[in-house]
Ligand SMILES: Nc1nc2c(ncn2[C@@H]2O[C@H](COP(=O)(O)OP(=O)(O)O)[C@@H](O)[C@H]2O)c(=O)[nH]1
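Shown next as structure tokens: one chain only, the form predicted alone.
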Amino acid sequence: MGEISNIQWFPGHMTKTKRQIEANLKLVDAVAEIVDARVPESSRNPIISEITGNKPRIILLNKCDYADDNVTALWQKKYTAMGFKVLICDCRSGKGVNSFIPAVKSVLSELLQKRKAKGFIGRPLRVMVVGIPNVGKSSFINRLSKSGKTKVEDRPGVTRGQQWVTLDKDVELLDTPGILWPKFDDQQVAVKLGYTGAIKDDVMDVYELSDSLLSYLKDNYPKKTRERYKIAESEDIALEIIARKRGMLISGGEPDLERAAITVLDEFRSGKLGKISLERPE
């Protein structure tokens, strides 16, 4: 991936959210961590493992309809080997979401047996849902609760406060606000989150971001990119070529590079470029 300007981003509510999660952990039996299947490692907040400690964890590889199936399977294998229960899902289409409640009961089967032995029948299992902004946390909760209670918008940091959502008589979810890194130690993580829209475009240079994404696509998914933008084998995969192919011109017939940059980012984020993953397990 190409070079890109240094990114610093620290929304003030992140520290407050960390404190909220720590305080609420004693209320729940397990933690469900939602990540973006296109960037599973970059979309995991490193402090979540630190905060949640030994609580049983389910990792949901969301947006699987936008990610490379072969690569997603590798991530599932990796996280399973690390001791997590891993589900592949897509909250927008509903794929894989129905396996969540059975997965919770499977992960917490020992606790259920202990409760049964003590006569605690009918007490719901409680699961905290965590994830950084824009990984699809609200869509996931809405899809499961089928109530549309949670406000869902396709932009970072919309979920405010927290709420309990009852799924069935056996399982309750605790929703939390999205949290991100206090600082980006690895700029590549920030860049990948920029590609997916988890960081707002107004704190990044859209041209640099798009140009860098194209460089990755050229190396890893050239066929899909050429097909989408009708770029011949003899032509370079570049913003200038895409602008000309799409008739995005400004005065004097020059290519409108900014418009082309926005188009490439939008079409990647909406899955129009096909199923693409931006990182693989090492």
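Heads up: residue numbers just count along the shown sequence, starting at 1. If you're wondering where the values come from, they're calculated on a predicted model, not measured in any experiment.
Keep in mind the form predicted in complex with this ligand is missing from the figure; the text below concerns it.
- Screening L173, I199, I132, V104 for any heavy atom within 4.5 Å of this ligand in the predicted complex leaves a single hit, I132.
- Just one of L193, C91, V127, L209 comes within 4.5 Å of this ligand in the predicted complex, counting any heavy atom, and that one is C91.
- Proximity to this ligand in the predicted complex, taken as heavy atoms within 4.5 Å, picks out 138-146 from the listed stretches 70-78, 108-116, 138-146, 163-171.
- A residue is said to contact a partner when one of its heavy atoms sits within 4.5 Å of a partner heavy atom; D65 meets this definition for this ligand in the predicted complex.
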